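Okay, so here's just one chain, in structure tokens, the form predicted on its own.
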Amino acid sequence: DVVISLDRGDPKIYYTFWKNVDDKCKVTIKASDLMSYFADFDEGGVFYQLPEFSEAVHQVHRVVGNAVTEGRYIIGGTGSSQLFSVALCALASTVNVTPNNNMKKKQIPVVCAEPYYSCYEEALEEEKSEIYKWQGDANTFDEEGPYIEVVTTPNNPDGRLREPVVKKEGGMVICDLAYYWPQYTPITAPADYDVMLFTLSKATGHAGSRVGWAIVKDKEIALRMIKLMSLVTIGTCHEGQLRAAKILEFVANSYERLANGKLANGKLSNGNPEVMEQPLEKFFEFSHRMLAERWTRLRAAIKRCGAFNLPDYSPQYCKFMKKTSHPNPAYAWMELKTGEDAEKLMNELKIRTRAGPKFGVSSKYIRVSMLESDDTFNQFLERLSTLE
């Protein structure tokens, strides 16, 4: 058997939906288009950001109801990974001096409750920043003074909804909301944190476009982030922004009601097929159904093999779907009942997963992606059946 990989959250699960609407989401770019560095001077000073991208971000969050965007700064980036680093720098740089005013910068502790996303620690350890440092589990953090807490909700890897843990004076929060979309979890209220991160890869599955965005409340932090973006990469790719705008607008328009030829946002439809002709099953219904079916099949396979535990999730009322629904996390957080090395067992089955220690916890845990292609997911279940 060949090795199958469920290590990364590569969102191939959404391919079928987008293949069926290929013609409705095409973007044509001529050789003379998008040649300038500059795109817009009005969106909070984000000179590199296309107005249609900013508008599409506002629209999709308004329709889904998962984040407050009114009166906030929308800052595009190369995926949310770049924006995470930029947000850290912007927040840490606001703490300029030590109490004795000697202008020596302090390394601001960065913490996150275990189990935390594996790349946070790895990225900070590699970066070796002089103004912030990785300090591990937020649950054990007990220092005074400024700190940055990263809150991922729903959490990667275990799918739990989270809030800040430390809650001390001088604390700053970055909220990673990559999975706060209705296919993964019920939308109970719009998120409203000082710095919120989203990514197209998990919202719609278009990981290769490398588009993310930050929603920032404070003007000073937003301007620092924009400046850092301009220094590091002179902004982000206009072609990626244009594609993201097209995709996000398509999804949002499918849920906006038409009234007298106008969308809920007041725009004329003008017979636009992307507005008038929507698929019978809209994107979030499709993606929710696909993930729910996979979770049902996985739970049945785990029950039969008897080797692992899976988390239980409580249903909640989803304001977007207007019904009670169960969470369908993007990853299965699996615990080997014997307490032994779960990754080693998976390697024996030629299944590549991500081990618990990368998330700050025991090796009896592994993270398994629920977003891979149908073929890979089916092979995964077949190999699990050999443990029965």
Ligand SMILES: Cc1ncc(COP(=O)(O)O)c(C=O)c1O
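Residue numbers run from 1 along the displayed sequence. Values in this document were obtained by computation on a predicted structure and should not be read as measured data.
Although it is not shown, the form predicted in complex with the ligand is what the next lines describe.
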| query | finding |
| --- | --- |
| Proximity of Q316 to the ligand in the predicted bound form, heavy atoms at 4.5 Å | no |
| G79 within 4.5 Å of the ligand in the predicted bound form, heavy atoms | yes |
| Heavy atom of A178 within 4.5 Å of the ligand in the predicted bound form | yes |
| 4.5 Å heavy atom contact, R294 and the ligand in the predicted bound form | no |
| Position in contact with the ligand when the complex is considered in the predicted bound form, options S254, T152, S287, T185, heavy atoms within 4.5 Å | T152 |
| Proximity to the ligand in the predicted bound form, single hit among Y193, F308, Y117, F283 (heavy atom within 4.5 Å) | Y117 |
| Partner-facing stretch of 141-149, 200-208, 125-133, 185-193, counted where any non-hydrogen atom is within 4.5 angstroms of the ligand in the predicted bound form | 200-208 |
| The ligand in the predicted bound form - contacting residues of 327-348, heavy atom within 4.5 Å | Y331 |
